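This document contains two forms of one protein chain, each encoded as structure tokens and listed individually as structure 1 and structure 2.
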Structure 1
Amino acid sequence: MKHKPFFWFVLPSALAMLCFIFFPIISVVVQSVHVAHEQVIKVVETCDLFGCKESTTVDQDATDALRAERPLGQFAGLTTYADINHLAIDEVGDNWRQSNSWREFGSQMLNLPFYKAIGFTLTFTFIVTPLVIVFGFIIAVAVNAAVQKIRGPLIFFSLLPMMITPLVGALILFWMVDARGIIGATLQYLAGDPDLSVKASTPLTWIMLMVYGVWHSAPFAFIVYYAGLQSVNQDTLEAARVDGANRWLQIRHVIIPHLLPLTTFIALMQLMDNFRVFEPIVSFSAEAHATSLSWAIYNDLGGETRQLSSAAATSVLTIIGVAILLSPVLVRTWREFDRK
């Protein structure tokens, strides 16, 4: 394609990316280095028959004028990133000096809001992502091998978790794991503990959130793999059968290499999606046991006092985290492309 047609072809996409991705990111970065103006305090003297006394009050007019003059707030540099709600530089240093072991240091780190959120976020991402890929592949191979007459219903039921709104699906599982729900009551029976509560246990809550993550996202991997299976070269499979390859060897040496680019695509999508886990935490009311970076942003933006600079700083750290997670996959993909 010539340069001029190519320019007009990519221009709409480039403009959309600038408007909806690049400029918002720049705006968030700028907001993260500013903090809200402090209220202007004035001293007021009141006098009566018994004498005069001074009191302090907020000068609302001066405060409003200051905010109107500098709507972004006052420049704070990287102080928001270093405070206790984010990287907690001072607190990390104190914990390092006071800790007697790596285990104690790690335990103290998880008591800090940001590191508690990043701990669950990374655990959720690195456990759910490979499980989604594995289960999606298994379901796709099983459905593709099924009799033609029952493939339609199997595809429908396999895609059902993805059709349900994430919030609704999370609420359904939330009710099922309740002590009065079928899963909660079953766990109490199997454990022999009538007081066992999934919602009151941090490990069980984490497991419940990850089970939901796999259940909700596996259909995406399934439909991608199922579409890829339709393009497998049947002559190659037939040649493998003639050479005596069983079902497992056909999958290992023919199907898996053929679907490897799709695996890279699914991994990229799932890494980004799982790193911003949010809906399950809200639906399960699991903030006491599990918080994520997205939930921290939501928490900063909620309530009467919106902490815009704190939410912006967490957003920037989330973007950096996603970029770090995706970099190995992107580098590997680029190297493969460069070899071609």
Structure 2
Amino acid sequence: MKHKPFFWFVLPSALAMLCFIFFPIISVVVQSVHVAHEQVIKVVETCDLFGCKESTTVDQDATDALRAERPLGQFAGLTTYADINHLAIDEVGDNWRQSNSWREFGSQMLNLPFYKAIGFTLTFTFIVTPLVIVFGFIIAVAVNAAVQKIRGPLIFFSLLPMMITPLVGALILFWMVDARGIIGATLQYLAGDPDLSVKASTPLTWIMLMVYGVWHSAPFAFIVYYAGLQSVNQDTLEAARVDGANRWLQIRHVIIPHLLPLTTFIALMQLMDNFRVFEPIVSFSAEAHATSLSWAIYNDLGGETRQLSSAAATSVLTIIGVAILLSPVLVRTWREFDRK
């Protein structure tokens, strides 16, 4: 395709992405190095019978004028990044000097909002992703072994947890896990503890969020693997069988190597999606026990006072995280393209 028609064909979608994805990223970076203006203080002298007094008040007009004139706020450099809600450099230093063991250091770090969020986000990402791959594979193999006739309904029900809105899917699970819901009541019965509450315990909340994550994403891995299984070379499988490979060896040496390229694809998509974990935390109202980077931004933006600079700084740190996560894939794609 020639340059000129190409340009006109991609222009609308390029403009959309430029204006609403690329510029916002720049805007976030700029915002994160600014903070809101301080209020303008003026000194007023009031005189009465007993003499004159000086008092300070907020000059509302001047403050508004300043804010209107320079809406970005004042330049603050990297101070927002260093404050207690983000990288908390001073506090981390104090912790490091004062704590006696790694354990103590770790638990102190999890009290800082940013480290609490990133701790959960990374744990979630790196526990849920492998589990999704394993469970998706098991389900795919099982469905593939089922009779042709029931595969349609099996796939239909398998798709549901993935297609459901994350917020809504998490809510459905949350209501069942409630102490008065069916799963919550069963857990209490099994544990023999009538006061057991998943919501009140940090480890149980983390586990519940991850169970939700696997439930929600396993169908994706399943579908991709299932499609891959349809294209396994039957001759190779037959040959393995003739050579005396049992079921497990067939899976181990024929099917898994065949599905390996699909695994990188699933892992990539899952890493990207799990890193942005957000809705389940809102649904489970789990913020007391678990927060994520996306939730931290949401929390800054919502509410009465919109803390735009703080949200922007967390956003930039999140984008850096995404970039680190994505870099192996990008490097690989680049090399492959260069070879072609």
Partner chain sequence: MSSKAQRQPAAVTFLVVLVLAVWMILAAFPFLWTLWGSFKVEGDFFSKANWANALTGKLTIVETGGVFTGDGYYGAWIQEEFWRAALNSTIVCFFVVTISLTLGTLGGYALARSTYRYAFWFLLAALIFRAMPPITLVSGYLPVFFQWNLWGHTATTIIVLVAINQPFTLWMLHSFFKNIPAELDESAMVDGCTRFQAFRNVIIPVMWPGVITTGLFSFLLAYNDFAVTTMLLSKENQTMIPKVASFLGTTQTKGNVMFAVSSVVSVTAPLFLMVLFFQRQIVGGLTAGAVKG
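Take the two forms, find the largest set of C-alpha atoms that superpose within 1.5 Å, and that set is the rigid core. Note that this is a predicted model, so its numbers are computed, not measured. Reference numbering: structure 1, starting with residue 1.
Looking at both copies of this chain, which one is the form predicted in complex with its partner chain?
Answer is structure 2, the other one does not fit.
So, does Gly73 move by 2 Å or more at the CA between structures 1 and 2, with the core held fixed?
Shift at Gly73: 2 Å or more after core fit.
Post core alignment: Ile26 C-alpha displaced by 2 Å or more between structures 1 and 2:
Superposed on the core, Ile26 moves its C-alpha 2 Å or more between structures 1 and 2.
Where the core is superposed, what shift in Å does the CA of Ser327 undergo between structures 1 and 2?
Its C-alpha position differs by 3.5 Å.
When the rigid core is overlaid, by how much has the CA of Phe9 moved between structures 1 and 2, in Å to one decimal?
Its C-alpha shift, to one decimal, is 8.7 Å.
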